Ligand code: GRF
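Below sits a lone chain in structure tokens, taken as the form predicted alone.
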Amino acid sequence: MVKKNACIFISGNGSNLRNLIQKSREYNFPINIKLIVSDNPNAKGIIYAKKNNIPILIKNCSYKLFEYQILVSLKKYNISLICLAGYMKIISKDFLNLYKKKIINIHPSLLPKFKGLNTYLRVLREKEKKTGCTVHHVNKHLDGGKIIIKKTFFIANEDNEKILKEKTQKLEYLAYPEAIIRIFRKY
């Protein structure tokens, strides 16, 4: 199998990054992670990149200049897929136009419900019966791109924000790799 080169964008703890790094080591998984991008120099996910000798690009300038540096690095590493994994910056329209249908994101709700931030709290306030995660293509609309895959679970009466996050992340670790496999089956 000829694997495609991928880049993971992070801002925080990097648990989805860690999971994708582990999956990328499997023979039949369709991507190799060649670059990590972080807009947060203190992101814990940077540790996983360093442990796995994956080059890291960390924001240390204006966002416009950083986006240019990202584009140069994506070309250098011949990146075919960008995976947003907890990346908390809005990507510019120009950037999106250059990488149409090559950027995906994972969101901790069943889109189109609960786009944006504070997802778990909003799910609980609305007294939803079930929730989960969604992997989708990124477009100019916040959490509005074409859905690739959803994973769901029922919410228990005793679930709080912390428990919802834990349950959702377990599903994310299944959903993100499955979505990547689906994308590359089309090629």
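All of these numbers come straight from a predicted model, not from anything done at the bench. Counting begins at 1, following the sequence as shown.
From this point on, the text means the form predicted together with the named molecule, which you will not see here.
Taking non-hydrogen atoms only, A85 approaches the named molecule to within 4.5 angstroms in the predicted bound form. Within this chain, Q22 is remote from the site of the named molecule in the predicted bound form, having no heavy atom within 4.5 Å. Though the partner is left out of this view, G14 does reach within 4.5 Å of the named molecule in the predicted bound form, counting heavy atoms only. If you take 108-123 and check each residue for a heavy atom within 4.5 Å of the named molecule in the predicted bound form, you get P108, Y120, in sequence order.
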